[in-house]
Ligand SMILES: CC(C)(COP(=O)(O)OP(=O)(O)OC[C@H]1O[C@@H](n2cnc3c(N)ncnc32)[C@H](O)[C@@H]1OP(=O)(O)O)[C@@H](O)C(=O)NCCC(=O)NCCS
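Starting off, we have a lone chain in the form predicted on its own, written out as structure tokens.
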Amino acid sequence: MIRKARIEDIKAIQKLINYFAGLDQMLPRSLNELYENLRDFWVAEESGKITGCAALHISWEDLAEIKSVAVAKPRQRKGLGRALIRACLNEARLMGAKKAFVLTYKPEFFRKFGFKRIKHDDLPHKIWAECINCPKFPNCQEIALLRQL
């Protein structure tokens, strides 16, 4: 089941995200950041357990970011990531966003949804304000991709 995240999901979301961050496959997220952005998150829940997550964050006038996409290893390749991305894209459209972007270490996954590579400089500077606090700044290896909605 794919649904909007609730307060009681946050620690499971953090555990999932930070597991992959520990493998250098995504960026870590603090509890504080997750609680403050709870409304951005979608989760996959199976038998009462959070097995996946993704967040949709409105970044600019017509631009949304999909971030923190993670699916538990044993549940990968079963359509959960695809369902989470679809939920984010549908919500972005409902909110009036015209474009969605991702910054990712796994561009091949997002290309399946019609995302195309862009230069980091093609994104508004407001987005890079978050990057200053990143542990990988200024040596970002994430790839920027964009999709028209």
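From 1 onward, residues are counted along the sequence shown. Note that the coordinates shown come from a computational prediction; the quantities given were computed from them, not determined experimentally.
Only in words, not in the display: the form predicted together with this ligand, which the text now covers.
Looking at 102-110, 88-96, 116-124, 35-43, the stretch with residues near this ligand in the predicted complex, meaning non-hydrogen atoms within 4.5 angstroms, turns out to be 102-110. Residue contact with this ligand in the predicted complex: residue 69 places a heavy atom within 4.5 Å of it.
The closest non-hydrogen atom of residue 50 lies beyond 4.5 Å of this ligand in the predicted complex. With a 4.5 Å cutoff on heavy atoms, residue 55 does not count as touching this ligand in the predicted complex; it lies far away. For the chain shown alone, residue 26 is a contact residue for this ligand in the predicted complex, at least one non-hydrogen atom being within 4.5 angstroms.
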